[in-house]
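The chain below stands alone and is given as structure tokens, in the form predicted alone.
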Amino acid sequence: MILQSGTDAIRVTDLSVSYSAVVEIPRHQRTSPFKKHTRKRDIEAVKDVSFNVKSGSAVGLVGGNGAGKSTLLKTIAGVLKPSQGQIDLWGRPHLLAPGMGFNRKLSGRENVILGGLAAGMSMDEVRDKQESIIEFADIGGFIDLPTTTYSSGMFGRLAFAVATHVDPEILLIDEALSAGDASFRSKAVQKVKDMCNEAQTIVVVSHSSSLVAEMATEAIWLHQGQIRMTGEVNEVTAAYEDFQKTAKERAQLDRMIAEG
């Protein structure tokens, strides 16, 4: 179901996502060298997050490592279950993440088929679009080599080409273009804009604020699992970059004090 531009495609309400992880116990907290050095810890990756994404829009998610960006995308895609809260979708989501759905032992051409089928396309649809996908990825003769021989940029190009040709109503992009070169990045940005013009909805995660600013018109800044700021993409990314700069300067100062 494709919505008309301006109506909600994604609605996230009071969402929290928690999971358990095994972590190492710091040396100073260990009571005995003969006991286990690990313990189970509950991690609240996303905390009481609420936002809407309109159909036909491109929204960027920014934030540091551990901010909850990837967890949020995986929960929207249905890969992870929320601990509490609700996600309403008007359209079929497709998650594009590095390595998602591909078999590294197969060639790029074979992975085009595998990726298309995994995304819900019929074999006839895959065959019809296979050459245009390969042309868009533009990785030359590597298309017939195992993807283990690919650079991260080549792998990202192929994954992006497949994902954007399966006509997803909601495309969730998680760091898939970080390693791409400038020429492909420009082509990818234009493809995202074309998809938005067709009322398809994009949510993109990247450590690169400039890439988010190129692809999106609005942005959400996540910090330690919570929304710190939402709004026009340039305002949000500028505030996030200022925060990063200040945090880096503070860390350098603390290091100098500790060493001196």
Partner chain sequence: MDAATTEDTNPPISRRTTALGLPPLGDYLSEAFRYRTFAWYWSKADIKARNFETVLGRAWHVLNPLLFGVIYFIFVGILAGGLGDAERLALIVGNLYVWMFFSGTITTGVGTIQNAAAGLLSQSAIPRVVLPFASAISSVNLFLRSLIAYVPIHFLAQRGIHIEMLWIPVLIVITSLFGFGLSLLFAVLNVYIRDISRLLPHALRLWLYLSPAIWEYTQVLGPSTLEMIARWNPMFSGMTAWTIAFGGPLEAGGPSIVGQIGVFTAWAIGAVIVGFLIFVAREDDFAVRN
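Numbering follows the first chain given and starts at 1. Small disclaimer: the values here were computed from a predicted structure and weren't measured. Each form is matched to the other, and the largest set of C-alpha atoms that superpose within 1.5 Å is called the rigid core.
Form predicted together with the partner chain: not shown, discussed below.
None of 134-142, 154-162, 69-77, 184-192 except one has non-hydrogen atoms within 4.5 angstroms of the partner chain in the predicted bound form; the exception is 69-77. Contact annotation: V236 falls outside 4.5 Å of the partner chain in the predicted bound form, judged by heavy atom distances. The shortest heavy atom separation between P93 and the partner chain in the predicted bound form is within 4.5 Å.
Contact check for H223: no non-hydrogen atom falls within 4.5 Å of the partner chain in the predicted bound form. Taking the partner from the other structure, the partner chain in the predicted bound form has a heavy atom within 4.5 Å of a heavy atom of D88.
Contacts of stretch 111-137 with the partner chain in the predicted bound form, defined by any heavy atom lying within 4.5 Å, are made by I113, L114, L117, A118, G120, M123, listed in sequence order. Once the rigid core is used as the reference frame, the Cα position of T148 differs between the shown form and the other one by 2 Å or more. Taking 2 Å as the criterion, S107 counts as shifted between the shown form and the other one: its C-alpha moves by at least this amount when the rigid core is aligned.
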